[in-house]
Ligand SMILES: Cc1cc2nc3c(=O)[nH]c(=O)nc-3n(C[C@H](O)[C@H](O)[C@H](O)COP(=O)(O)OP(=O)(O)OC[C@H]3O[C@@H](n4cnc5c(N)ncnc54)[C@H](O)[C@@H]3O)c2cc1C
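Next up: a single chain in structure tokens, the form predicted on its own.
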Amino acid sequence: MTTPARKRSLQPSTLRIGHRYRTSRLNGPYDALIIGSGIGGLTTAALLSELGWRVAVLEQHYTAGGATHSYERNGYEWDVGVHYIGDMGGATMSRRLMDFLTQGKVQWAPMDAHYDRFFIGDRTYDAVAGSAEFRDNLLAHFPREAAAIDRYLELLREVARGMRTFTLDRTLPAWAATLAGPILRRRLPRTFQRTTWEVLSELTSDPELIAVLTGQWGDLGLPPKRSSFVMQAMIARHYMHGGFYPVGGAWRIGEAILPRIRAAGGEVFTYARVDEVLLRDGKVSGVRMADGHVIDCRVVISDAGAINTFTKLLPSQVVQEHGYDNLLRTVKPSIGHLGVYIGLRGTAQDLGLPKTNYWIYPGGNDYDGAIDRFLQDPHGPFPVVYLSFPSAKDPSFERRHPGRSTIEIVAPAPYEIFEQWAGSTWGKRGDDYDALKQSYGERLLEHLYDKVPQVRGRVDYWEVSTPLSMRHFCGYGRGELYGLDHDPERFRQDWLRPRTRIKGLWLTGQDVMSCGVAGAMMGGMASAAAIAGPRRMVPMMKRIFG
């Protein structure tokens, strides 16, 4: 039986991380307060805790983890933001940092070698794990494009080298950034200033090859003519050796990081909404909570996103005084999304669910044209539909939920579609809102049934999330999935760094570096390095990375 979204149970999840905020539970004084508990905030908290800092993480949601949290409903369990992570199969920087943060307690299950499948119009292509395998697979489809493919792989390596320079520039102390920053930025490859389309169209005139190379554009939120090639290259390299899934669900990541924070006397508090960052004599002095309580602290680190930080958490005169009102005009929030969370009777094996993600492009290889048409008519064809099969990827799922399986569908959705209900309460937005969600959910289910026909009639429960759901649970003002848009202009913004112009206020997470779990985690590390300084961080980084 299919359960309409408007009739879903509203019981909260049992997968909770952190302690519920009470003023009596505060155990200050704290060395730092972190607003938001996404993977960036948790990474910064854990690394500073390892250096002996007492840190309080303040999360407005009922559970910590940000987009790495999971939830349960009607006997099913879903991850809201983690569908797969790359670089977890060997001793990469991402894996070493993840293992350090979680003390090696999170295991990673590999997906199929053909981890991503692209349905471009009526044609099908796979992304294959392994550099040589990736190249050979592309050559099998595009035998005349060997030079373009080899140059593309070379550019991926070039961007990776450039990102080390980019990260160093972002984490330098203020005095060093003034001196060395311009020199470092001149050393960046030319691709850091260009769109994905501009770079790839110089390598090949075949739009189909460009479409296959950018078939994961949903992972960064922008199609080729809008996205920064830097971000495209980082995503491609991140998954070059395949996709991996956290055994037990994404919530295990936050759960495993928590002990590092508590070991130094810190805590992660949930239901802990911050109303304002307080300043005294131009310097951070603490935060005011939604209940009016003031927590004193000279260091506040925001994992709430740059837009939220400078438009919601600070007095407008302070923002204007430091020029952030003008700087915010140089960036824009990424697009929102629809999510369909599906529960099925029958195991992943019984239903033949794959360990491969499906990317469906109904409009063919013109990705930019497809999203333009969708933005003009949101009731028209979706530009991309993504299918994920978490219960097939997680070898422990059947043990936790015997006889059941899950599927998740993601598709872009502009905030404007649902903006008229922005002032309403989650779970009580009215019949019109529920009917609109229902209609979108049914359309997305048809894409599922087209590619995985055996699940038709096996769906036991499903519900739909919208950009308003993202706004409610994760605090993003327009329900944006990836924070700031990852276009070339974003990577030109020198002010998007951990250190802000306000003494004692720092940024962390995906807006500091890049999107995704690995990007936000590296942003968290960059912030910890900038805050603690090289003298203290370098020895710890040697422990982590060897």
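Residue numbers run from 1 along the displayed sequence. Computed from a predicted model, the values in this text were never measured in an experiment.
Just so you know, the form predicted in complex with the named molecule exists too; it's not on screen, but the next bit is about it.
Phe166, Leu327 and Leu484 each touching the named molecule in the model of the complex (heavy atom, 4.5 Å): Contact check failed for every one of Phe166, Leu327 and Leu484.
Heavy atom within 4.5 Å of the named molecule in the model of the complex - the one residue of Ala46, Ala32, Leu507, Leu58 that qualifies: Going through each option in turn, the one that passes is Leu58.
Gly363, Pro110, Gly286, Gly81 - the one with a heavy atom within 4.5 Å of the named molecule in the model of the complex: After the contact test, the surviving option is Gly81.
Partner-proximal stretch of 92 to 100, 414 to 422, 194 to 202, 272 to 280 relative to the named molecule in the model of the complex, 4.5 angstroms, heavy atom: Only one stretch passes the 4.5 Å heavy-atom test: 272 to 280.
Contact test in the model of the complex: Leu496 vs the named molecule, heavy atoms, 4.5 Å: Although the named molecule is absent here, Leu496 would stay clear of it in the model of the complex, with no heavy atoms inside 4.5 Å.
Contact test in the model of the complex: Lys437 vs the named molecule, heavy atoms, 4.5 Å: Because no heavy atom of Lys437 falls inside 4.5 Å of the named molecule in the model of the complex, the answer is no.
Heavy atom of Met470 within 4.5 Å of the named molecule in the model of the complex: Yes - in the model of the complex, heavy atoms of Met470 and the named molecule come within 4.5 Å of each other.
Non-hydrogen atom contact Phe382 with the named molecule in the model of the complex at 4.5 angstroms: Judged by the heavy-atom cut-off of 4.5 Å, Phe382 is well away from the named molecule in the model of the complex.
Sequence-ordered list of residues in 436 to 466 near the named molecule in the model of the complex, where near means a heavy atom within 4.5 Å: Heavy-atom contacts to the named molecule in the model of the complex: nothing from 436 to 466.
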